[in-house]
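Shown next as structure tokens: one chain only, the form predicted on its own.
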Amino acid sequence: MYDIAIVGLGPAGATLARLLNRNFHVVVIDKKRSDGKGFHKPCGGLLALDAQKAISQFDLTLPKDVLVDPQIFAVRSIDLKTGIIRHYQRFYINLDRYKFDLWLKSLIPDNVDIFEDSECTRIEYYNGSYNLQLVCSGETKDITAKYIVGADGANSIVRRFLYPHKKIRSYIAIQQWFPEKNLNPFYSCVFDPENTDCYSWAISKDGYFIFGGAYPKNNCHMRFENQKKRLKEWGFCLEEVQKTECCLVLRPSMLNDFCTGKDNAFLIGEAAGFISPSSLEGISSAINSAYYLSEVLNANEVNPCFAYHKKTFKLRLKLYFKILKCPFMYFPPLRRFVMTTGINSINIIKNINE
């Protein structure tokens, strides 16, 4: 019998497990394995400013083995429909997402029980407690907890249990790894309305070149391959696929898409819909929502679900404003206007000796 069961050990679940009072009996269920095998979260692996700020509030510093080369300070934005290219200054940290998750996991205190290579397959609510069935390295286990926390991302089993009829706009994120053959490493953001109304990315990373994007579920693989063909014409080196990754990603479109939980069950991070609809950045919201929930649970609030919902108000409002920002990025006429005028863009100076 546990006090708190956390499903998922990405930035949200790891942050919550680290911040909970040690008098709680806590268990975490995680798909990943510490040996590098098994589940890897498909992710471009760029730490945005909001995520850097979320980490810095805990006075944490990133270990150097989490970082990868190169560190890039400008993003090349490409509109395939109009052919317009603009460069914008950005302050991302290029990192290995899997090692980043393992680092956050290493900060969890020893009193927390961690089941790795595990998946929650069934949830039942009975007599004021939650009964969870797990598959751990092929074996079935059953645990019980007073509180349950869904930190299990876009396809959260906890959210589906709490809100079986809740539908949030979602896409399939697909990315592939290739040997780095580009003369100059770079990071690109690609807009291609013929294949997706979201965006795609291309990132140089430790001798590899990653290309990926978020696509409507209908014919998502065909859209991905179509986009690859178009980008090869732009000089992208997309040959010799090393591996392919894909996952579901949420993209909230209204304020009601953010759901924080009920009946002593809580949702944090992307499981709650806390992800930017404009950039798909979710690490900052994962860390911040986990912090808010830890404050509520550590304070033994009488109505913890209400208290947590209240604490996340500013976060929900911030993400809602990003929904309002989306037309400037994704509505083709507005994007064409912004990119044509060059607002906030930078000029790339070529070395005449190259």
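Just count from 1 along the sequence shown to find any residue number. All figures in this text were calculated on a predicted structure; none of them were measured in a lab.
What comes next is about the form predicted together with a small molecule, which does not appear here.
Picking from 229-237, 73-81, 114-122, 251-259, which part of the chain touches the small molecule in the model of the complex when contact means heavy atoms within 4.5 Å?
Correct option: 114-122.
Is there a heavy atom of K41 no more than 4.5 Å from a heavy atom of the small molecule in the model of the complex?
Heavy-atom contact with the small molecule at 4.5 Å: present for K41.
Residue-level contact is defined here as any heavy atom of the residue lying within 4.5 Å of the small molecule in the model of the complex; does I157 satisfy this criterion?
Contact check for I157: yes, within 4.5 Å of the small molecule in the model of the complex.
For H309, is any heavy atom within 4.5 Å of the small molecule in the model of the complex, or not?
Answer no; every heavy atom of H309 is more than 4.5 Å from the small molecule in the model of the complex.
Report whether the minimum heavy atom distance between Q175 and the small molecule in the model of the complex is within 4.5 Å.
Q175 belongs to the contact set for the small molecule.
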